Structures are given as structure tokens and as C-alpha cells.
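What follows is a single chain, given as C-alpha cells, in the form predicted alone.
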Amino acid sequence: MLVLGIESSCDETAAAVVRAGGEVLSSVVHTQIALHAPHGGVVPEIASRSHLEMIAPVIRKAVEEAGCAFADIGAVAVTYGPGLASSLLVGLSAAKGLATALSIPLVCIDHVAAHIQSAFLAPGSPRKRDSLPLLALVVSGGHSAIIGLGPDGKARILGQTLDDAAGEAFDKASKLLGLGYPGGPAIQKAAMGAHGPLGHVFPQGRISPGNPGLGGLRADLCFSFSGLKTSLRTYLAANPDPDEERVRRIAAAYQDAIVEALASRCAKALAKGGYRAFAVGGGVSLNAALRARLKEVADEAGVPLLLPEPKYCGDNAAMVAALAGEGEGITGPAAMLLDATPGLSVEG
């Protein structure tokens, strides 16, 4: 069966055609970076307007590139949360309309669960069902969470950010340093050019066990990046107008803090044992320093590290369609009644 996937949870308009079992026949992503760059971050109204303009041509292109016709599609899969409400509505409405017009099933997919699936899209990668129980790290502009998938595939959040996501922390730092948007690639590029240490260590946002925001989660598996941004702002106030080399060193030290915060928590989660694999997904998983450090963490735990191909790190529709092709998601009459759910939890 061919599954048409649609993704519009934030600022990427995406569509893909995937054969059930994981073969990606097409994956089209229209990025809005140029629209949001002047603002240093995603503006919801701008994002939704762009989705409205691009959703139809992106879907048509995905079907054309797959070498099939709409009549060949067996199901339509779409992200219904979490994300920006106005953006989610565009993709969800388009998917409902297509499913109705083509008289085929609609499958509503959790965006975070789809990011986990992205680690299994590479040719030759194992099936997710064969890698359970699984530990996953989903890390992006809107999400930073450690998730355990049990033998039955059911997700449980083990730790998450209590404030900002790692991707947002990169964006804010890049803006403070004048490096541009999006922040992750800009910080990485600057950090790679650094010669020597900064001589300053940025905080990793350790959380006290009594923090009311934990909601029952373990403090040592949760993240906090708001203090890191404040620390950078304070450092720049005390050390104004850094030259290019100092900016590179600042970027490297800041990146190190984010990478180690993520890696150390994952190491603690893996130390519990019992996991067959460690999967990573989300836009920040493209960061080279993070990928290298997580490889060390996985090796120390004695489990394989499953990373998405670069083209599937960011938001895309192939991961959405692939997850539906695995038989996951909400379908049937219930799917048609679903509304966009910005605060959707991967735990269901």
C-alpha cells in the first residue's frame, strides 16, 4: 500500500509518498526559513499563511515524484499535533479533504512519534518493532524529550525540558551573537572554526528534585535551557563586542553545554538497561557534535545508535507516512473527528 504523508506542524510544508514497510518514494519539503529569518524565529501567522499557499503544490509534487497517481494512494497520513495550531489545521484540513475525495482511510499521527520513526527510514535500518524496547531522544526547536518505548511500542516520557527546547536555545544564542537564523547550523559552523577554549563554562541546567515542574519525572533526566540563554546574555554584557575568534569560542562553549546536557541525561537513562537500541530524531539531531557524543554514549551502553539521515532530521512527511505504514496512528471515524491538538503528548 502507498501512504501519502502530510506534515505542517510548524514552518515546513511537507508531503511524501511511502510504501508500507518504509520505502520512501518521494519526500518534498518547502521551507519557510527566508520568511522567518528577519524575525529570528517562527511567526505563527506567517507560517500558516505560507502553508495555505504551498500545501496543494507540495502534495501534487510529492505524488508526481513518486511516479504514481492519486488513485494509487491507499491512505493519507497527517500530523495532528503537537505543534502550532494554525499550522496544524492547514495540513489536517487538506488531509481530511483528500481522504474524503479519494474514499481512502485517514491516519492521524503524533509528530514526536514520527520523529522517532525517522531513525528507521534509512535503507538497511532495522524495523522499529525489532528494536523494542527502545530509548529515544527527540530534540528540535520545539521538543526536547527522552522517551522510552516498551516491548509493545507504547511510549512513556522519561525526561523532558521544563522550559525551552534545545533548538530554541540555539536560535536565541545565534541571535545574540549575530550569527543569523536558524541558529543550530549557524552555531555549529561558528563552533567548528574555534581555535582554543573560551575559558568559560556555560551551565547545563541541572534541576533540583523538588522542582514543581517535574510532575513526577526524574530531575536527572530533565532539561532546562532558559538559564543557559541567560548565562550567555550575562557573559556578553560583561564581555561586550567580541571579535570573530571570540564569537567562535563562545559558540563552541555554548554548543558544548547543550550537547553535554542532552548526552548526560541519555547516558543515565540508558544505564537503567534493558534497551535494545537508542534512536534519535528531530532537527537538532543533525548537529555533528551531538551525533558524535551520542555515539559515545551508545557505545558505552552497548546498544546501537540509530540516527536519521540528514534529510529526515528536520520536519518531513516521510516519517509521518512511514509511521502510518507501520499500522500506528488513529484511523477510522475517530480520525475524521480529530481536531488539531497543539499540546498533544506522545504518551497518548
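Because the structure is a prediction, the values reported are computed rather than measured. Start at 1 with the first residue shown and count on from there.
Unshown form predicted together with a small molecule; subsequent notes refer to it.
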*If we take heavy atoms and a 4.5 Å cut-off, which stretch out of 134-142, 68-76, 228-236, 243-251 is in contact with the small molecule in the predicted complex?*
134-142
*Does the small molecule come within 4.5 Å of any heavy atom of V284 in the predicted complex?*
yes
*Using the partner position in the predicted complex, report whether G205 sits within 4.5 Å of the small molecule, counting heavy atoms only.*
no
*Taking heavy atoms only, is G314 within 4.5 angstroms of the small molecule in the predicted complex?*
yes
*Answer for Q188 alone: is it within 4.5 Å of the small molecule in the predicted complex, judged on heavy atom distances?*
yes
